[in-house]
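There is one chain below, alone, in structure tokens, taken in the form predicted alone.
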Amino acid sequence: MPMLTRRALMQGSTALAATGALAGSGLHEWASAWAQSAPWKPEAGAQLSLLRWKFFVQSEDDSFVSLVDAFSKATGVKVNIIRESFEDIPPKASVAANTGSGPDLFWGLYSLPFLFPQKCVDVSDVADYLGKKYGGWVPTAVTYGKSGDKWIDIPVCFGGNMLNYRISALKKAGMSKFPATTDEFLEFAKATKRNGTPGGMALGHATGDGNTWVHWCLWAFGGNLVDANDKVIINSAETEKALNYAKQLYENFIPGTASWNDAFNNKAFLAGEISWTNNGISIYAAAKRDPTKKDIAEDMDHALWPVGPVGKPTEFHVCFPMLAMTHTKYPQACKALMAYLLEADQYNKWLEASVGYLTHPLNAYDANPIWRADPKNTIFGEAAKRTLTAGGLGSVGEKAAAALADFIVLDMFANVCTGREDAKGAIKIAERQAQRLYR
């Protein structure tokens, strides 16, 4: 983690304090003033189309729409917001990159920009501006943002993917705190199934929830798709151990998780069908918002991922990078919007409106009160600093992005858990797929 200088902290604190002052003048007035002094001046007649992921927290989306509306009023740049599910963003972005047409901006997941780095606008000036103003970028944001010596996207935020659980089910399993090791976690899963309060995690093509838990499991046992030189090393004893462990977990899941996407576990948890799963904070946010789910909100909490035989955390949280396509007619307007979104005067409000679903990539936002307002929120504020990145030991370049988009690791786990393949057979399939990508 980069060290914060006193100057950086003061700059961040001054910017954070400005949020309170903004209450009297209003967002639109602040946005107008910002537009006048910002380094990026949108092109005459600029209109932007932005494709983003479908929201999981209504207040986050409401805040985002308000911020964009203020930007449009201040700059005259109309922004059309399009929403797609997680799994639909990579193919739509790839089509746009290949055809040179489509949305100006994509706000996707993980290393999406590395699928077509040459089709991304160089936004190094935006990254430098924000980094200097807000205490520097967390290291994982730099990894996800830079290709070579230039920034090809702005990692607007991360999404913490933690363990969500019912406190009553934990106690019924005879535990006073959530399992800290993979061995304890397996015993917890067995106990909750035995007690009629099973859990479940997605094994369908769930870009967020599915990818995060299987990579955590692979890395927890020392397995990796590639090494530091991007050489495929998935065929290993460590990978086999991870797969066999996951199969034991799966045997204690609720039926049907092999077809779950990123929305299924939210619904199952809120319906009382499962007592634990991996997810962002959106389940808790929905339960607090719905008077009929108050009992769930009061009876649930969040935990960090258990540590496996490697002896250290191997968490995998979601990065949400925003990129501008080189086919856009309005690159300056794109840069202006990217910079604007991460300015403290509205980014702080947006973080709070997301109730912890979004986690900041810039160090100054450690001070946002959302991380202390509710102890059940706190660990989500650590996601950007705790997470490993999409390539594991390797790079987060185009090949790692393709491996995620093709669900190589996720399908390997699903094949074993569902009995379609034994561990060795599933590994060989994944190895062949990875070698085609990394050749």
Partner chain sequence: MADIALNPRPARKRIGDVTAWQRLKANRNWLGIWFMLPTAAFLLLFLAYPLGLGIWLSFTDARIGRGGNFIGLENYEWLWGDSVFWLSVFNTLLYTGVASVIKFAIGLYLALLLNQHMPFKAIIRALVLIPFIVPTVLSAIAFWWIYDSQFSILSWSLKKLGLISQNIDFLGDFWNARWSVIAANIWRGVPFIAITLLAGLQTVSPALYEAATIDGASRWQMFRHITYPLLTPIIAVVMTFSVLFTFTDFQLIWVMTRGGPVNATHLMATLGYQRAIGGGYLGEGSAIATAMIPFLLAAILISWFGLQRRKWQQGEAND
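Residue numbers count along the first chain shown, from 1. As the structure is a prediction and not an experimental result, all values here were calculated from the model.
Although not depicted, the form predicted together with the partner chain is the subject of the following passage.
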| item | value |
| --- | --- |
| Residues K41, K385 and L393 all lining the partner chain in the predicted complex, heavy atom within 4.5 Å | no |
| The partner chain in the predicted complex: contacting segment from 263-271, 144-152, 353-361, 180-188, heavy atom within 4.5 Å | 263-271 |
| Residue (of A402, V68, L51, I379) lying close to the partner chain in the predicted complex, criterion heavy atoms within 4.5 Å | A402 |
| The single option of A258, A228, I167, V310 touching the partner chain in the predicted complex, heavy atom within 4.5 Å | A258 |
| 4.5 Å heavy atom contact, K293 and the partner chain in the predicted complex | no |
| Contact test in the predicted complex: A285 vs the partner chain, heavy atoms, 4.5 Å | no |
| Heavy atom of M175 within 4.5 Å of the partner chain in the predicted complex | no |
| Contact label in the predicted complex: V95 to the partner chain, heavy atom within 4.5 Å | yes |
| Interface residues of 231-254 toward the partner chain, as seen in the predicted complex [heavy atoms, 4.5 Å] | I254 |
